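Only one chain is included here, represented as structure tokens and corresponding to the form predicted on its own.
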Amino acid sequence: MPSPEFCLGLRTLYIIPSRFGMVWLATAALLLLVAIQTSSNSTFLIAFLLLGLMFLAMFLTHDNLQGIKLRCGESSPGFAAEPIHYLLVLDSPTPRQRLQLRFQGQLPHQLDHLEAGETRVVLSWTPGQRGWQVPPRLLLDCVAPLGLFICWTRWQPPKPQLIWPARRRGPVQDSSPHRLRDGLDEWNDLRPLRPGERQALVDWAGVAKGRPLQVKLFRDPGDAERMLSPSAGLPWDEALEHLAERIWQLHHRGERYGLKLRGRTLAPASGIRHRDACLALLALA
């Protein structure tokens, strides 16, 4: 089982010459060959300086990562098939420079300077399935300070992240749809005035502001609650995706809704906590 904390050291770091380092090494070897053929002391000096600087760069690049500790932070849930954020905590005893982090297959995140102590880094990844999922393997590398070597490590973050079903528009079972009507209970919307309608329903305040004649539509507060459930005749995962999209829409409209799913019922409510509870029920269904 992967460790919840990952310490970078001799057994977890790998280092090889970079492309620039290979060119540097080839140049030093060529100068050394020329110096041997010509017995030129100045050429020998330049070749040995290049080689010595390369060996120094190897230790400095390795030391730029050694001693850093990685661990997982508290990450928020997200939808499948959409980029979501995963929180990592880097604990360094000393300042570091020019680090690069990325999940395998994702875009890199550049850290030009890492302060001593704890630093929170948010990386993006795109999950493919709902439920508790762990992100891809983490790649951490650096070429600082001279770019002659690349030092890297790989770590699989062990902490899973809750992934909601992907959002997709489609049918759901709705036992209590809204019924807009003309009345005086709770104003909800406007529509153009039709011939023969009561003048009491006209939005006179809007007319005074220069708007066209419109009739107020009202909603009975008792009919404002919805109870959602999967649509029959659809594949299970597809039905959950339709429910995820409908819940997201209702939440942003501020409406009250509940959810019935495989013997579990969440009573109608609204707000972020209720939205997350409904989406979590979908994710783990």
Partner chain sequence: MTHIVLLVQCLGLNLSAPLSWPTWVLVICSMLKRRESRRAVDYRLVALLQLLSTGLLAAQMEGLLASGLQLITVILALSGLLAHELGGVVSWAALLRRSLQLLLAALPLALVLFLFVPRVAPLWSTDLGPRGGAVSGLSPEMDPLSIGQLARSDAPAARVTLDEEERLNSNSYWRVLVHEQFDGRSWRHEDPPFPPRSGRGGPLSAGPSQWWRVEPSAIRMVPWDGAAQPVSTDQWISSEGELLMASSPRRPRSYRLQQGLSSVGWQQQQPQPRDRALPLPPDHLPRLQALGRTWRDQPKDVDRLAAAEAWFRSQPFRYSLAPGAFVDLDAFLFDQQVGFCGHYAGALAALMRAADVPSRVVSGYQGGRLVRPLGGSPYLDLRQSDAHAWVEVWLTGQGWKRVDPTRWAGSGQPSDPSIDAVVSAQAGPVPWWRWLQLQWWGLDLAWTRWWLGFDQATQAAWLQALFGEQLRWAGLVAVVLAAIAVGVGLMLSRGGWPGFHRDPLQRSLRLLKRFGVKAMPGESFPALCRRAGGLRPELALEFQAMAEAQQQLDHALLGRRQRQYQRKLWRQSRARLMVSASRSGRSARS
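What you are looking at is a predicted structure, and each value in this text was computed from that prediction instead of being measured. Throughout, rigid core stands for the largest set of C-alpha atoms superposing within 1.5 Å between the two forms. Positions refer to the first chain, counted from 1.
One more form of this protein should be noted, the form predicted in complex with its partner chain, which is absent from this view; the next part is about it.
With its partner chain left out here, work out from 100 to 108, 133 to 141, 146 to 154, 164 to 172 which stretch has heavy atoms within 4.5 Å of it in the predicted bound form. Heavy-atom contact with the partner occurs in 146 to 154.
The unique member of M227, L250, L50, L234 whose heavy atoms fall within 4.5 Å of its partner chain in the predicted bound form: Contact residue from the list: L50.
One residue of V23, A267, I16, L10 in contact with its partner chain, assessed in the predicted bound form (non-hydrogen atom, 4.5 angstroms): Going through each option in turn, the one that passes is V23.
In the predicted bound form, D63 touching its partner chain (heavy atom, 4.5 Å): It does: once its partner chain is placed as it appears in the predicted bound form, D63 has a heavy atom within 4.5 Å of it.
Taking heavy atoms and a 4.5 Å cut-off, does P95 contact its partner chain in the predicted bound form? Because a heavy atom of P95 falls inside 4.5 Å of its partner chain in the predicted bound form, the answer is yes.
Taking its partner chain as it sits in the predicted bound form, is L31 near enough to touch it, meaning that at least one heavy atom pair lies within 4.5 angstroms? Contact with its partner chain, yes.
I want to check G233: does it shift between this form and the one not shown by 2 Å or more at the Cα, with the core superposed? No, the C-alpha position differs by under 2 Å between this form and the one not shown.
With both forms fit on the core, has L250 moved 2 Å or more by CA between this form and the one not shown? It does not reach a 2 Å shift.
Quick check on A47: with the core superposed, does its CA move 2 angstroms or more between this form and the one not shown? Yes; A47 is a residue whose C-alpha shifts (by 2 Å or more) between this form and the one not shown when the cores are overlaid.
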